[in-house]
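Have a look below at one chain only, the form predicted on its own, in structure tokens format.
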Amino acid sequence: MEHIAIIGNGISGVTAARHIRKLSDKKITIISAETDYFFSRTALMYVYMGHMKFEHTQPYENGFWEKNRIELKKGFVKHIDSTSKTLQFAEGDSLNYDKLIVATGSKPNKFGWPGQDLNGVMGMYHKQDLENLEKYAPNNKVCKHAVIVGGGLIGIELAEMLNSRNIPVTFLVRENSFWNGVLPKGESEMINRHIKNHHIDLRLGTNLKEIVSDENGQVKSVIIQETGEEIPCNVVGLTAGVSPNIDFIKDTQIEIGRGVKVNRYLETNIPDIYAIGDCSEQHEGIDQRRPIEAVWYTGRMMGETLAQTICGNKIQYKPGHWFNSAKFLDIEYQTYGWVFAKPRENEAHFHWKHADDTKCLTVCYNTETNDFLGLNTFGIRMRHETFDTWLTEKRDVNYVMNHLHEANFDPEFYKHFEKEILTAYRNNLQTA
């Protein structure tokens, strides 16, 4: 019986396992050193905030795996021997495979800061990070102040978590406006104000120089690079992005760049070895997408696609139109299609912002063809299926703006803003 080994029990690896089981009777082993069972990584913040317990983040009952004949192995893979098709574990044992799926996800970036490995310094990606946060920041008596380094989506989540326990937060962001490499100017500046309105000490254009230790090897303070200012703190969250978790692959014959290089079929350069999810890097390019996408839904899609290939129906990974969603404290964010921080050649942005400074919308379109290219929305929920259809049908921007109400997903009694947005759009066209 063919043995499929999967390293990593995140959304990518587990989806691959589930779909391989649906399609076949192959032997399946999922290997993880992080947790015994699959859990929803995006839900970790809600455990800390008291909205759920950790066991609630596990989508499947513990008996699910045995019932579906998916073996689980707790262990850390130290080396892959692709010639003998053997995995060597740090614990000293080994496992043979016929086909191998690498789905090891990401790890928080560290940039060699002095003190970055002290007690009280953590990312916010793994279950162990959550455990460390409970240890070092259970309340505002144990943790009188926290510093977050890095202004992405994980950073804002960590700020919200600490804020929920009334722990004062200083937020160090290297850029001169929050997430402005992704968000257009008006959106980024609105989020700056929203963060400050939550009494978070947002420091833009600010870099970390070092993390200072007390006599017990625990965080005592941080020092700012630009000014030399010392900020006392008990916890430092390193949230300056993530990178593929592939250190154990570097001494193998598997080709790597920033991630494990794969083609459109998610195959590596070594026969019978595949990579999916955050740790994989597309070297053939897909539309305008980044080679590495650390996004939940693309990991799931890769798992579904690869399961077909593993089971004899070889198909290419086709992620479709880009979309994503997140939350900036009280403001929900969605993006569909392509809205870059600055319009590119033959592109223009229409931006609308509500007077309450918590809702805005940016539409990107082609100035020559009038094609609708993408939309960002903050504080107004929209339907993914509607925008997916409009992008596929290559609708023009005027059609989208006139039919925007059809995409609204807010509950019935929420106030709707499409008429106000359309009026602003038409006025913008007249004055352009």
Partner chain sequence: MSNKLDQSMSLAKPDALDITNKQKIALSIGLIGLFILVLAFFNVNFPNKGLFLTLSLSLIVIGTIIYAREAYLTKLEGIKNDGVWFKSISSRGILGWSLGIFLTLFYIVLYFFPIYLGLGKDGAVNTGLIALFDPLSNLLSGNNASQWFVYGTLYTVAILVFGYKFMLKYRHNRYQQLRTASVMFFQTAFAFVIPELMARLNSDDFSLPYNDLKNMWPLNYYAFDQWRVDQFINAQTIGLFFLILGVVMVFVISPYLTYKYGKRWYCSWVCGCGGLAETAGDSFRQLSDKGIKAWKFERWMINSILVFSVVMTVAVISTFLGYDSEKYWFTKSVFLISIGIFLTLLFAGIMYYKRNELNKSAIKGATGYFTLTIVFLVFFSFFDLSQIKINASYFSFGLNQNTYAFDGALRSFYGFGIGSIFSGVIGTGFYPILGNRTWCRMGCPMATIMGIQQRLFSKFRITTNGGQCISCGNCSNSCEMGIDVRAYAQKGENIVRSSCVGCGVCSAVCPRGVLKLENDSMDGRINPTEILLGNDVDLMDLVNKK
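Note that the structure is a prediction, hence the values are computed from the model and not measured. Numbering follows the first chain given and starts at 1.
What follows is about the form predicted together with its partner chain, which we do not show.
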Heavy atoms within 4.5 Å of its partner chain in the predicted complex: does D371 have any?
no
I'd like to know whether W390 contacts its partner chain in the predicted complex, with contact meaning heavy atoms within 4.5 angstroms.
no
T57: touches its partner chain in the predicted complex, heavy atom cutoff 4.5 angstroms
yes
Is D117 close enough to its partner chain in the predicted complex to count, meaning some heavy atom within 4.5 Å?
no
Looking at 117-125, 196-204, 172-180, 270-278, which stretch has residues with any non-hydrogen atom within 4.5 Å of its partner chain in the predicted complex?
196-204
Could you work out which of Q225, Q218, N324, S94 is the residue within 4.5 angstroms of its partner chain in the predicted complex, going by heavy atoms?
N324
Among the candidate residues P138, G152, G75, P291, which is the single one with a non-hydrogen atom no more than 4.5 Å from its partner chain in the predicted complex?
P138
Can you name the residues of 301-315 that have a heavy atom within 4.5 Å of its partner chain in the predicted complex?
M301, E304, T305, Q308, N313, I315
